[in-house]
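Coming up, as structure tokens: structure 1 and structure 2, two forms of one and the same protein chain.
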Structure 1
Amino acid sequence: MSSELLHSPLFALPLSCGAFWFGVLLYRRTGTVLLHPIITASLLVFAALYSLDIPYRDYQDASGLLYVLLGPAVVALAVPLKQNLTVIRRAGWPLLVTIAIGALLAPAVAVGIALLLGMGKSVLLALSGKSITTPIALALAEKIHATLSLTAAIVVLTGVFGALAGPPLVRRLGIRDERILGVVLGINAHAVGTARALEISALCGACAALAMGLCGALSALLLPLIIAP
């Protein structure tokens, strides 16, 4: 296979779609969250890029169409939000205040821990966008001069870990309210958590979509002001 083809959309797009398709099949067959399609697809794409010595930047450039579609995919999450708007309205201001505080605390705690561990500036910048969905995180990463590949990896890992650990942790705390679970997943695991929330219920998914959207909006407004490039 020629080097030019390996670094082109003709290879990157089928690789991404094929890996995700296989991940969906495996997830439906096994039913375990440990084999969520995003985990399986990410590992397959990583293995392919590593074995074929393809830099992430080249893969990202060749996957431009998928990045363009990320935006409309996130906007489509407004559908479950609209369907459950009446229920969400009853929570009102307490829900919005909770989301706003969570949106500030999620990256602040991660950056604070990284500072205590002596992490470098590149890691701190990448961690600042860990709890927002990929399209916004990558756009912000460019604006604050964070490393794109590191930011993307942290965002995906945060989403996967949050989607896996969030529901059992919330249940262990004795919380059964699906609105709370949705907010937790939306704040801490962005789009991956929202996808997991939609599997639980439409109401849980709607709260996760609301939390994810507000987190992204607050981060887009505040991060460039807080972090001077």
Structure 2
Amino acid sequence: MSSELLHSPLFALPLSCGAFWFGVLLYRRTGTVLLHPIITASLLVFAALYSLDIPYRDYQDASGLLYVLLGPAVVALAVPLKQNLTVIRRAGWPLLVTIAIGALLAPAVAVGIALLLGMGKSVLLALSGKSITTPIALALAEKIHATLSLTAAIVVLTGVFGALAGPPLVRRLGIRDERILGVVLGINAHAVGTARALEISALCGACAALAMGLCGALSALLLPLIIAP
């Protein structure tokens, strides 16, 4: 009986929720991007599955409810996008041009480096979604037949690294304009970067949210055309 319970949603869902809740608490307590909830939570879930000897497949199958909610979450991205559209009216076309170019540049640079290093096709495909917010990246990964787990890991790593490196790098370049910092964080570090931008200022956060949403939508429109499945 106990083994059956361990492989059912009755175990998988509370495990995910508990790990996420703990991750959020720890993140709020420490405030460092390195301890983003998804990192602590996925390590906790991994530790639990490993020590209880539960195959990943079973956990994944039992987590169907969470996957079902990813769809509406992508749709929900339209709401912050609409709320921040006014930022465009003030900064206008430079924002749009940068977001459009950045949406192509961010994955292109990473894929280019990986090509130079002679990486395999599965890695290249997963890398192409690196700067897109996770729910869109996962939907896109399904479409272009990339590995979902690898895509999710790459997106999370990119977000955390971009959010860490972005603000000091932009300051180094001698830039104080918070609109620039926000847009750059939104393009390159999606949701993690947007959360970091919101800590800096509301304007910075609005620019980041706008850049993240537009960049995600643009990539979803363009990438499948470039990468013929």
Partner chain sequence: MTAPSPRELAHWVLGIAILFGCERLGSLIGKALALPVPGTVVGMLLLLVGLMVYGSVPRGLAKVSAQLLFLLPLLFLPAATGVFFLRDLSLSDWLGLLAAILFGTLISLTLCTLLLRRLLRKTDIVHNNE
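Numbers given to residues start at 1 and step along the sequence of structure 1. Computed from a prediction, not measured in an experiment: that's the story for all the values here. Heads up, when I say rigid core I mean the largest set of C-alphas that superpose within 1.5 Å between the two forms.
Identity of the form predicted alone among structures 1 and 2: Between the two, the form predicted alone is shown as structure 1, not structure 2.
With the core lined up, does the C-alpha of Tyr56 move 2 Å or more between structures 1 and 2? True for Tyr56: a C-alpha shift of 2 Å or more.
Rigid core aligned, does the Cα position of Pro167 differ by 2 Å or more between structures 1 and 2? No; Pro167 is a residue whose C-alpha shifts by less than 2 Å between structures 1 and 2 when the cores are overlaid.
For Thr30, state whether the C-alpha moves by 2 Å or more between structures 1 and 2 after rigid core superposition. Yes, shifts by 2 Å or more.
Any chance you could measure the C-alpha shift of Val45 between structures 1 and 2 with the core superposed, in Å? So the C-alpha of Val45 has moved 4.3 Å between structures 1 and 2.
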